[in-house]
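To begin, one chain is listed below as structure tokens, in the form predicted on its own.
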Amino acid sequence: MNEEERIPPGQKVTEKFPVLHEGSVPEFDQKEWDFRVEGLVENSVTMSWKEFRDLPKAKAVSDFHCVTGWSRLENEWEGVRFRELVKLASPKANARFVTVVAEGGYTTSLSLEDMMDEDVLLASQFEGEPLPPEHGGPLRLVVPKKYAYKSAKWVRKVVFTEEKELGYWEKRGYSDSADPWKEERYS
């Protein structure tokens, strides 16, 4: 696929990686930090930063599309595939959605089907370096097939649910489906 075919309608390519987020950048203390997987699962999980970092790693190169109209192509992310969390937690049969909870009460939610895509990561590395705090370090969700507000920064917990829970931006009028190829920016 050539570069032109990789750019959704209404988007412009940038080489920069603009910083956009609600609120201030949280402090990271790896001694206090934990990550939880809960909700409709057979095994609730709580991990320290070290335990999370010990999970199997994967790299993915993907494009990143912001709802404000910019796209950054060929970003190299490294982290834990969401599928690894599914293996650990064993979601129950009625779990159809995942609510992602981040620092400061930020949330987003996606279908379990979307989260199971091969390229969905909980990323701790960007372009071979630790993910900078302003870009969501130590841990951000990366969902390449959706607008970037679905790729929550500073992730601390995932909750498997039966019903869809609208996230921070979705409650404020942004599209819940967030498909850049259909320009689903607002609800």
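From 1 onward, residues are counted along the sequence shown. Just so you know, these numbers come straight off a predicted model, no measurement behind them.
The discussion below concerns the form predicted together with a small molecule, not included here.
J.: Heavy atoms within 4.5 Å of the small molecule in the predicted complex: which of the stretches 131 to 139, 55 to 63, 36 to 44, 114 to 122 has them?
T.: Only one stretch qualifies here: 131 to 139.
J.: Please check if residue 148 has a heavy atom lying within 4.5 Å of any heavy atom of the small molecule in the predicted complex.
T.: It does: once the small molecule is placed as it appears in the predicted complex, residue 148 has a heavy atom within 4.5 Å of it.
J.: Please determine whether residue 154 contacts the small molecule in the predicted complex, using a 4.5 Å cut-off between heavy atoms.
T.: Within the cut-off, so yes.
J.: Is residue 97 close enough to touch the small molecule in the predicted complex, meaning at least one heavy atom pair within 4.5 Å?
T.: Output for residue 97 is no: heavy atoms all beyond 4.5 Å of the small molecule.
J.: Would residue 18 count as a contact of the small molecule in the predicted complex, using a 4.5 angstroms cut-off between non-hydrogen atoms?
T.: Residue 18 belongs to the contact set for the small molecule.
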